[in-house]
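As a starting point, one isolated chain is supplied in structure tokens, in the form predicted on its own.
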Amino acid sequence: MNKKYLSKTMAALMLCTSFASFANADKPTVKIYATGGTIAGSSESNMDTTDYKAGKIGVDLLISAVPELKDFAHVIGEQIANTDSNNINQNILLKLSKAINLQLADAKTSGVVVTHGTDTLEETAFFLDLTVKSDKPVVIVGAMRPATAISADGGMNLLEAVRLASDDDAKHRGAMVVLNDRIGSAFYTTKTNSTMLDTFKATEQGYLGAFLSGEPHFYYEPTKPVDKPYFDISHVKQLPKVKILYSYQDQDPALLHAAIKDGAKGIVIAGTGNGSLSDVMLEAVKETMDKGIPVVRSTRTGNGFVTPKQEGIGSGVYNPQKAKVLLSLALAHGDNLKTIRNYFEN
């Protein structure tokens, strides 16, 4: 090859690289932590929205599939896991939270995005809301349709999540959930429908904002949920085992006793109505509490406040799955029964 031509080509490439670096320097940096889920799912049929395989697409392909991301941020990615969200465990949660805390401590990072399966997305989002100490945005995003489906929602959801994570107005709002053009507080948002796109809601508390043509618009100034705790998990290697039991007519305490025998350090019960239980279960709860094992009484209704209890601990605003997350963090923190009660019933 002509040396003069090669020299000009190399100079042009260096100029392009320098220009790209300069352009990226002017844009906020957002890191995406990928864990798998439907947003990374695929199927042989583009009509399939229920029987696909979750966690089949890597973070690099997710990023490259939405080239518009680079218009708003310098995006980097890390694959924390690539699995169905029902396989997310405490090891992944602890690794993820620690990584995010370190990343957000970097002055060059504007915010982070976590891609996640929707089935347990609210639990991871809530866990991060209680364990990430930063004013910068943490955005958890997923999809209800796999990447291979007609009208797949993952691409737009990811674009909106990155835009939110790079937006100065998103600071001081805690962790947020983004799907279906909605911005929700991770503290309150829950999955309310098994298959429909508009599944993530906070029925009582509402949304923080919404997207219009991919641009975030907030309804309120930054605010913080009342009595939201923070837990430092930087040195936590394992979370204590907490079990969730479901309440029903003619329930007996056999599963409660079995959970304790299996090593549970705390129990959450999805009770009926306002955390109601049968007389025989109330007696078992009292005995369990007397042994120093906290029992939190939530509700299976999917919504509402569970008031303070004499037998056990009323869950307050926390549904069973979020009560489990909070209780496990409190136990890992070494809190006593009185302190734990205050987290829920305050």
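If you're wondering where the values come from, they're calculated on a predicted model, not measured in any experiment. All residue numbers are counted from 1 along the displayed sequence.
Only in words, not in the display: the form predicted together with aspartic acid, which the text now covers.
- Query: Site superposed, aspartic acid placed from its pose in the model of the complex: open or blocked, blocked meaning at least 3 ligand atoms within 2.4 Å of a backbone or C-beta atom?
  - Reply: Open, going by where aspartic acid lands after superposition on the site C-alphas.
- Task: Please name which of the stretches 205 to 213, 165 to 173, 226 to 234, 111 to 119 has residues with heavy atoms lying within 4.5 Å of aspartic acid in the model of the complex.
- Result: Checking each option against the 4.5 Å cut-off leaves 111 to 119.
- Just to confirm, Asn89 within 4.5 Å of aspartic acid in the model of the complex by heavy atoms? No, Asn89 is distant from the partner.
- Although aspartic acid is absent from this view, report whether Thr38 comes within 4.5 Å of it in the model of the complex, heavy atoms only. Output for Thr38 is yes: heavy atoms within 4.5 Å of aspartic acid.
- Query: Ala54 near aspartic acid in the model of the complex, any heavy atom under 4.5 Å?
  - Reply: Yes, contact at 4.5 Å.
- Query: Do Asn157 and aspartic acid come within 4.5 Å of each other in the model of the complex, heavy atoms counted?
  - Reply: Output for Asn157 is no: heavy atoms all beyond 4.5 Å of aspartic acid.
- Query: What is the one choice in Val242, Leu130, Val138, Met144 with a heavy atom within 4.5 Å of aspartic acid in the model of the complex?
  - Reply: Answer to the contact question: Met144.
- Sole residue of Thr124, Ser185, Ser85, Ser97 within 4.5 Å of aspartic acid in the model of the complex, by heavy atom: Looking at the other structure, the residue within range turns out to be Ser85.
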